[in-house]
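Below you will find one chain, with nothing else, as structure tokens; this is the form predicted alone, and questions on how it binds or moves follow later.
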């Protein structure tokens, strides 16, 4: 089994990008292959795999995203920016024009910004019920948020309270049969917050784009502010910006870089 790959990241949330313009890699993306690709010692190393597929004449591109454990995910905010960066650098799209990318969470509108970053309309985050998350022998109230994939957002006085995130924190009060991403957020003043995240199917990552959108939605609800407004989200891997517009859509903006390419042989 041999096929080309590109490695990229958005605020150090990293991905193996697999160009599959003719659909020939469908059988190759069994969960064990995804796990092998994402293995940081025996493989390329990544938080997930982005398969670049053709879709249809009106919306030509589909992002097939898999978590590092091989499971299928509906959406990835950092991933869709890396996906768009690949399409632009491969000469498959014009970065001077808006781009539509089809995902399991529907169409996403992508804009290549003048400052070199990429912005994505992530849709409307939907706040749900309350839950409880336990970590480091402490229990915290949490708010569930749907951003195409499920999240629990926990506000803490300090991210130091979270401790190590080697394993998924225990949660209850809300049902998540397929797992959930858990964000811990500390207010830093004004529209500035810091965030850590434990992603389902991956573990603690340096960043999560959908998680940043979930955090912004919870912060805005708590602040009682009406859109439009913007939050700066500091993550271990860098800085993301989430703008909540008057139509309640969350726009995620941040860097997306391609750092390597090669051929995978197994």
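In this text, rigid core is short for the largest set of C-alphas that superpose within 1.5 Å between two forms. Numbering follows the first chain given and starts at 1. Predicted model only: the values in this text are computed from it and were never measured.
If you look for the form predicted together with a further copy of the same chain, you will not find it shown, but the lines that follow are about it.
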item	value
Per-stretch contact check against a further copy of the same chain in the predicted complex, the hit in 208-216, 41-49, 25-33, 66-74 (non-hydrogen atom, 4.5 angstroms)	41-49
Heavy atom of residue 97 within 4.5 Å of a further copy of the same chain in the predicted complex	no
Within 4.5 Å of a further copy of the same chain in the predicted complex, all of 12, 261 and 264 (non-hydrogen atom)	yes
Core-aligned C-alpha movement of residue 97 between this form and the one not shown, 2 Å or more	no
Post core alignment: residue 71 C-alpha displaced by 2 Å or more between this form and the one not shown	no
